[in-house]
Ligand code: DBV
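A lone chain, given as structure tokens: the form predicted on its own.
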Amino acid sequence: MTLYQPFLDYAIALLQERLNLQPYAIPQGFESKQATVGKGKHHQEVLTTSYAYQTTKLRQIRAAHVQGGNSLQVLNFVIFPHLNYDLPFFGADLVTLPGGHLIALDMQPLFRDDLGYQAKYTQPILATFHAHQQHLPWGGDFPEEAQPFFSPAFLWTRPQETEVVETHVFAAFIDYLQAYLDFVDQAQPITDSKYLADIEQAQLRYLRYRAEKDPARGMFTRFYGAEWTEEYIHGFLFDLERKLASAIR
């Protein structure tokens, strides 16, 4: 079962159609990783595959796709803009575990409480959010410390049926990604030095939070060990701090 492969295929095809994609270097050992978990009839092969691209406006477009049978399917798909644009992040966490489906889809803001920023990047997609929320009801509480990193158009849901993921979640993913690329088309580089500094700090806040609280850490550690997992998180999934440090040297 590869529940999220159609999402990944669609995203890559759309990006290739609308952007001038260039490869983004994936550190050696992270392009693909396989593990065998469980014993006897519970034996399962788990495959994690990574994808990464970049463009003139987008620093890193990357995906981690985990396939481990019917009860373990994950696609984490995130777009990080270059630091001279005030674009939000595009974030899709599509997770299927033995307990069910967990779906988080958003254009994650740099400045959540700034009304001008909301008017620019949240208001235009609220109608889309409300249209999909009819089929994808709110998934319940999530950590208070995470709330500054999500917009009022955050689609967070726990569908009971796989068919809902294949239809309604897929439709929402398409609409959000297309709307995000519309924002990218319109984005103009920022030149104000104070705003550029604010953007960098906002990106770093988000990256540090995500790296520290990555919910996949336990899963990856179980499959591939702690050393591989920490390097994957800090050296690929959330690599901005490393990139900035190497640029200073």
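All of these numbers come straight from a predicted model, not from anything done at the bench. For every residue, the number given is its place in the sequence shown, counted from 1.
Absent from the display: the form predicted together with the ligand. The rest refers to it.
*Asks:* Looking in the model of the complex, is the ligand within 4.5 Å of a heavy atom from each of 206, 209 and 215?
*Replies:* Each of the three qualifies.
*Asks:* Could you tell me which stretch in 72 to 80, 162 to 170, 117 to 125, 130 to 138 has residues with non-hydrogen atoms within 4.5 Å of the ligand in the model of the complex?
*Replies:* Single hit among the candidates: 72 to 80.
*Asks:* Could you spot which one of 190, 181, 202, 64 gets a heavy atom to within 4.5 Å of the ligand in the model of the complex?
*Replies:* Only one listed residue qualifies here, and that residue is 64.
*Asks:* Would residue 108 show up as a contact with the ligand in the model of the complex if we use heavy atoms at 4.5 Å?
*Replies:* Although the ligand is absent here, residue 108 would touch it in the model of the complex, with heavy atoms inside 4.5 Å.
*Asks:* So, residue 219 and the ligand: in the model of the complex, are they within 4.5 Å at any heavy atom pair?
*Replies:* Although the ligand is absent here, residue 219 would touch it in the model of the complex, with heavy atoms inside 4.5 Å.
*Asks:* Test of understanding: in the model of the complex, would residue 149 fall inside 4.5 Å of the ligand by heavy atoms?
*Replies:* Because a heavy atom of residue 149 falls inside 4.5 Å of the ligand in the model of the complex, the answer is yes.
*Asks:* Taking heavy atoms only, is residue 97 within 4.5 angstroms of the ligand in the model of the complex?
*Replies:* It does: once the ligand is placed as it appears in the model of the complex, residue 97 has a heavy atom within 4.5 Å of it.
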